[in-house]
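Shown below, as structure tokens, is a lone chain in the form predicted alone; questions about how it binds or moves come after it.
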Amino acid sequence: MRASRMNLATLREDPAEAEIASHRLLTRAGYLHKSGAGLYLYQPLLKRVIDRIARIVAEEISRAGGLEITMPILQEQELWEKSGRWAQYQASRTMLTVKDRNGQLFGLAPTAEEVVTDYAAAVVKSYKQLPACFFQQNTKFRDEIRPRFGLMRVKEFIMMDAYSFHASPDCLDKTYEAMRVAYLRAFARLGLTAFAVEADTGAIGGTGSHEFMVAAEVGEDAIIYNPASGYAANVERATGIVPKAGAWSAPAAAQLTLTPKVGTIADVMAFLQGNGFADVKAEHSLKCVLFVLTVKTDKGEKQIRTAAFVRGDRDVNEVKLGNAVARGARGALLDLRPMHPDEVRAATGAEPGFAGPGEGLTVDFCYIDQSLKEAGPLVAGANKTDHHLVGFVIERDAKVQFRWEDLVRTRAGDLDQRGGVLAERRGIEVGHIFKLGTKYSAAMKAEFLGPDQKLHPFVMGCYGIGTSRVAAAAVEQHNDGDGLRWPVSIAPYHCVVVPAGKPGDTAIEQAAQEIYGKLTKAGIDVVLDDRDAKPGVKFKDWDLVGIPLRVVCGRGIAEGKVEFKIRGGESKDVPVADAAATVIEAYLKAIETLENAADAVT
């Protein structure tokens, strides 16, 4: 490709709305054009990057047994109603919808479990055809509340989604493991440092899932991990052991104590410390957060008033709470919100800030974090305005029915099950795999004939990779002060040849043409920068664009040499006759390094 035909338009200034490196650099380097809020046009350079990502992902999913298909983006409401997810997605306002000329309502695909389950039911009839796995790489939609960060959070994106069908959970486990390896192989070949973490199943559902994260400071997801034990989980899913609270001068029995106008944990502690309990801390208190959860059950939608109690120095994990309530109500969570002040007064008989698990609390469900078992005396709300119970022991003094649950948000400093200390880091989610079980197949009557000559619902798994998000994640991991530094496997072009002499210098132009021709013939994707621009402008552009390899034909031509440089490395002089071979050798070595990393995945 000749640069003069690439319509290359780089920017010297950062876009005003760009907050992170990938958004800033992809826009400045001419990869990304904003079409609307959360909507982007992929310019030619980015289209090439995404095509390379898609090819590698497809190769690894195929290697794991996947068969590629293309499913419709428009999905019928009826299919989603069969699975029970239509109401759930409408309530969360996640799915974009559109009507045809006849008034029929369709969803714009955020995912495709319903469509592929319907397909499998039509083409897979017997256990002899199982396992089967189908995948696609197609456009998806999400009605994002606040699109931001360029390709990280958008309304329209490209995703690889795969779905597997099995006769038994054991068979699913084998494919699930094969997909885990396929993901890690794919990310290694893409040049990304990625890791798998335990995750919540969310709206997709199922019995287990793992997210695949690319480590990055700008990541929106918090990961709890212990590098020594290998444990890693999304903060929504993470479990840990909360260190025990220290002793304090609590009374032997719960005392109703006046605490005027101090509803927050910090204010209550400060008041008590100045009134006879100098050694009491937040860790000695019981925090109550009151919620209203909407759950869809077989009998319809139901609002459930819920009290969640954690230690005063900790936070409620709303995902864990939502899962607990959904289990207790035997339904699917549609919505979760904090109670409004008037709802708090109705549930406690007191102003907000004085709720506790003692007499006067009236809710449908009450949960107390399991780390508080045998916690000893605590400070708890008395369900009476301006009053707390000091010396409250849950097992002795609770007056409401409750369940112990893991409710707390695990954080750095907690312990894992082996006693190791957990740490926290940020990550960008680029993939997710789920064990769906029979959630969709049973609801949609998608069945196969088993060896017992009876019909059984498929046991399913599903697997997704954000193809376009991977491109942004790669930039977050591979950039410097000059611009992008693409891994060679996904760079839009592998090499750029830059004539850096005066216009009309035939020796320089001939050398550049010769090298360009050899590389093209060898199958290297190469750019010849034939633009009428100063060398300094060309160098800045290609550093910004991030092409991995560069050959500069300049003053060294008089001595029969050109300058070869790997992006981010030192330059060296090589003979003109050896330039193409040097590029090819560097390219093959870089690819080999990535392939070896993939082969090392276990």
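From 1 onward, residues are counted along the sequence shown. These figures come from a predicted structure and were not determined experimentally.
As for the form predicted together with adenosine-5'-triphosphate (ATP), it is not shown, yet the points below apply to it.
- Note that among 143-151, 528-536, 73-81, 381-389, the stretch whose heavy atoms approach adenosine-5'-triphosphate (ATP) to within 4.5 Å in the model of the complex is 143-151.
- For the residues 432, 287, 185, 439, the 4.5 Å heavy atom test against adenosine-5'-triphosphate (ATP) in the model of the complex is passed only by 432.
- Contact with adenosine-5'-triphosphate (ATP) in the model of the complex, judged by any heavy atom within 4.5 Å, is made by just one of 466, 461, 356, 499: 466.
- Although the partner is absent here, residue 159 is a contact residue: one of its heavy atoms lies within 4.5 angstroms of adenosine-5'-triphosphate (ATP) in the model of the complex.
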